[in-house]
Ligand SMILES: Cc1ncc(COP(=O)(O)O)c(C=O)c1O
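Take a look at this single chain in structure tokens; it is the form predicted alone.
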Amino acid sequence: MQPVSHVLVVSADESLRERVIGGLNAAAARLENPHGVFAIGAQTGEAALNAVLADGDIQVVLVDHGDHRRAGDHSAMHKAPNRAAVLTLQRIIELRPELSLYMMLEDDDTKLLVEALASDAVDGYFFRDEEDLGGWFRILAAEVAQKSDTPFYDKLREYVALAKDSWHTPGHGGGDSFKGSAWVSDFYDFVGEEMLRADLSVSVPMLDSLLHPTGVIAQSQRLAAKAFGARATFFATNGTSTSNKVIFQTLLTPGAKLLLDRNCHKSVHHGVILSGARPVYLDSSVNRQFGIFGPVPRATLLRAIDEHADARVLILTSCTYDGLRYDLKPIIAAAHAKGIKVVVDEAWYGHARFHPELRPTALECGADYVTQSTHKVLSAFSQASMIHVNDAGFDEHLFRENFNMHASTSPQYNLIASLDVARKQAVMEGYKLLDRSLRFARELREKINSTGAFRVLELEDMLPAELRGDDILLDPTKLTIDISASGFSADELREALIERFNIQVEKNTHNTLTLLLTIGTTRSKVSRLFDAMLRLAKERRPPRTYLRTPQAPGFSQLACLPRDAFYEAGERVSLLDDNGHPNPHLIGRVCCDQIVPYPPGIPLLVPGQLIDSGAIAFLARLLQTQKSIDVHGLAGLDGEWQLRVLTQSEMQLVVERNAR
């Protein structure tokens, strides 16, 4: 398909506007134009703003500064740029920061004034008395080409096309081990020749090194940093789970204090163990009606920041699995006032930069470090993630040492290429695709609600009471459906959707289903989903009483650092006694492992935590009543669940070690 790249020319001077548009389009017809550059016009700033919201193909905006001096008049008054034009530039960049902005100016003096007003928002300038429209076209076409460049992916394709004989890893030799095999040749056909040829070794110098990039990977990462609004960006092929651990090991030393949302992904808690940090766990909010875990209340966060001003790091998850977003700016500002770095796990929100309805992003709110699962909501392959850095005190050498400790020395080049391509797509057509997804989301809300048996929850339905007034927002691309009126159980609906209608949903609670809309959502998928929901609604049953997920107890207390408990041998004690009741011998013991009910994946117990009666009772009831929930971290022996806990002698050693 031929791409289309619109250049929006904004000028109140109709003669100038039409002359520039005509000249640019004449050059586009005459010169090589692989990106489909084509000029269109807008007379006013308001019309320009409407255009960038309505036209997802706009890539460049060229604004006339509006200075129409009389011939021979060189007074300072007339050199001042039109502030409305500069305001238009600023508003455009607020709406769509991925757009390139150029200005038409009168002279160098005006340029300096524009730069003072518009900071570094302007990408380039043209002078009106040098109306070389063919030259202007070449510059604008080069701007579009640079934005759409994929340095690593292009170099990977180039190398594969060279068809070099493989005398290096991997062992399948570009797929040759599969071809002609009576046993596994079908895998070659399934995966495809190009994918296998692109599965290469670090022995290929022209493809750069992920562990120490200086070539095409470094170029691709710089383009990603610009796209996502970061000082620096790093590609990760081990997912956001590893990305979180790398940041923790970079920022935290053994015994350093950090504040963390208990709702954080288990990788964050693993990072606590690996770094040897001293965590201060903050209980997340819970909507018990629907089994939804929300953010930590703002008051709790601000109080923790005040009480633990010696903390080095605060880490939050925004948005949550269910789409709940913090109002991050005041929280980050409070943390920074105490000298606390802020890390935001934005695994589920990597698309937000590219549509005004989803912004501000964590980086735009001032976060120092942001991790994103580019594969979750953009077009990268699974495991492909990004680490964005905005920390002015960033120690890249230390970060690189920690990154290399976790990253494979044999990274999958197809994953790196997919990050390169996903960034390109987000910049060039992310707004258009996300606008479509948001329209689909609004449409699905209306249609699902019309069934009478199913209802898409609004923000007010999902918010736990303690979050009201915290300015929490909801990512509209995540739809949580209340199934209560249908009479079906969540397990029955999931099975019906997959078995009868070939539809796989993201997750469920006891009385909800969650759908994830992405840039890969199509009109056909929307139609098939609604048809399935409508058919199931016609099979509705009498409303049922749902057995709620047991209420998780609040965090008890840490008896020692998580690392100290995790690395002891411990002993295993049964969760239930001989009568099937919660084992009282566990109360007062110290847990060695991370015990995580999944979903939602929030640790009930972490290493070093003192086990109380509430935690044991909760676990026992969960295992006995919630068959669809897995509990990670429990040890099994002959059908009996056990917890690994510190022995009394180990506990004494840990206490003495901490005292020293």
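Because the structure is predicted, anything quoted here is derived from the model rather than measured. So that there is no doubt, residue numbering starts at 1 and follows the sequence shown.
Omitted from view is the form predicted in complex with this ligand, to which the following refers.
Within 4.5 Å of this ligand in the predicted complex, a heavy atom is found for not a single one of D368, H388 and F394. This chain appears without its partner; in the predicted complex, the one residue of H351, K155, H265, R278 with a heavy atom within 4.5 Å of this ligand is H265. Put simply, of S486, N511, S418, T240 only one has a heavy atom within 4.5 Å of this ligand in the predicted complex, and it is T240. Contact annotation: this ligand lies within 4.5 Å of heavy atoms from the stretch 232-240 in the predicted complex, the single such stretch among 136-144, 185-193, 169-177, 232-240. Although the partner is absent here, H375 lies within 4.5 Å of this ligand in the predicted complex, judged by heavy atoms. Contact annotation for T88: none of its heavy atoms lies within 4.5 Å of this ligand in the predicted complex. In the predicted complex, this ligand sits within 4.5 Å of a heavy atom belonging to N244. Taking non-hydrogen atoms only, S437 never approaches this ligand to within 4.5 angstroms in the predicted complex. Contacts with this ligand in the predicted complex, taken as any heavy atom within 4.5 Å, map within 321-356 to D345, A347, W348.
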